[in-house]
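Presented as structure tokens, the chain that follows is alone, the form predicted alone.
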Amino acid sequence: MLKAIKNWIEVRIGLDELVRDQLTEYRIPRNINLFYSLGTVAIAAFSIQVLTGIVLLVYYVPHPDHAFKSVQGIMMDVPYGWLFRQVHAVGSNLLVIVVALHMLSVFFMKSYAKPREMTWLVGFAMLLLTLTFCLSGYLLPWSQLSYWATTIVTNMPTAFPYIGDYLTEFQRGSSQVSGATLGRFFALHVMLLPALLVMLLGIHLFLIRRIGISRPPFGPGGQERVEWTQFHHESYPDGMPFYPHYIAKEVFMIMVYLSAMFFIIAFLPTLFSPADANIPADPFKTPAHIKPEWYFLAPYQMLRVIPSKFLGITLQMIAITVLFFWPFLDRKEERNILKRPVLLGGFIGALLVWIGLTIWGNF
């Protein structure tokens, strides 16, 4: 029976040829490292978020009078609801870490260089969408922590003259975070952002397979240069098979990700859920030590350090713009960052400043 079904499919789409071209005979560089698997881990993490989000959506009520109670009901009354909620909450934080590490590794190995500029642009756009995903989802539990953290983040555009207040009110749907904000963020979180992210992910994967995987600049063949005067697929006839060799490494990294997630759920369940996350939102009671989520702590602390809020946000937007268009600004042919001390120093320095601001903002 199974053989007959396989033969039926084979006649119509050439399944064996497809497997050979895309898996068993698809070659990748022999010096490829585990950092290349972070993209696959990010896809797996996003898939987990979608699946658990669908389950939570069945029981969640997007109304300021019922949102907090519905989340507590998921945790207390729904069979294994606490597990799905924890996987979704912890997974959102880990997803940001994985995507950020993926972008850092791409930058470190200069995999954004010609002809992969479009791949970088789409990937950077997905990083920004991921952060927007987390921001919109953070408000949905309608807790004291999520309410006031969202108030802080959505208040940032007020630094801009003339349009700042309009942008803030447009985000919130009113002058302050309210039920209108919850409705907007809910629609953004479950409808618009998933569609945009899936579309960008499809483009990203198409570009990767169409152009070919970038060879790491370290190890054998890392310094080989190819003159890109016209399009051609970058292939590696002497490379390792994508399946089963590299697939096994990607599965291993996904298992590491799942292990980290369930370790946090089992032994550090309050790591991403402090006490204020279990108190219903109260617009009339401002917590003493409120702050945004950890992935927004660095820009938040930067705004607190710089006297001018307008200058602080302007500098952050300039930094984001420079990073977005970095493949067009970096014209050096040398791909090995270890042989470019100025760039390496800037890379390490910026990373340390970001970590330092995050720690400072937390304490």
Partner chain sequence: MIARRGFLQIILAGLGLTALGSFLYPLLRYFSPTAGEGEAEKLIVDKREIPVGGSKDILFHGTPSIIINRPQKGFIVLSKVCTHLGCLIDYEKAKKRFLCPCHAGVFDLEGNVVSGPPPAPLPQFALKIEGDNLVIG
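Numbering follows the first chain given and starts at 1. What you see is a predicted model; the values in this text were computed from it and never measured.
The same protein has a further form, the form predicted in complex with the partner chain, not shown here; the description that follows concerns it.
Not one of Gly164, Phe186 and Tyr295 places a heavy atom within 4.5 Å of the partner chain in the predicted complex. Of the residues given (Leu129, Leu207, Ile290, Met75), Ile290 alone sits with a heavy atom within 4.5 Å of the partner chain in the predicted complex. Proximity to the partner chain in the predicted complex, defined as a heavy atom within 4.5 Å, holds among Ser273, Gln176, Ser105, Asn93 only for Gln176. With the partner chain left out of view, the stretch that reaches within 4.5 Å of it through heavy atoms in the predicted complex is, among 277-285, 129-137, 232-240, 260-268, 277-285.
Within this chain, Trp326 is remote from the site of the partner chain in the predicted complex, having no heavy atom within 4.5 Å. Though the partner is left out of this view, Phe170 does reach within 4.5 Å of the partner chain in the predicted complex, counting heavy atoms only. At the 4.5 Å threshold, heavy atoms of Tyr112 stay clear of the partner chain in the predicted complex, well away from it. Shown alone here, Leu303 lies within 4.5 Å of the partner chain in the predicted complex, counting heavy atoms only.
For the stretch 8-25, the set of residues having any non-hydrogen atom within 4.5 angstroms of the partner chain in the predicted complex is empty.
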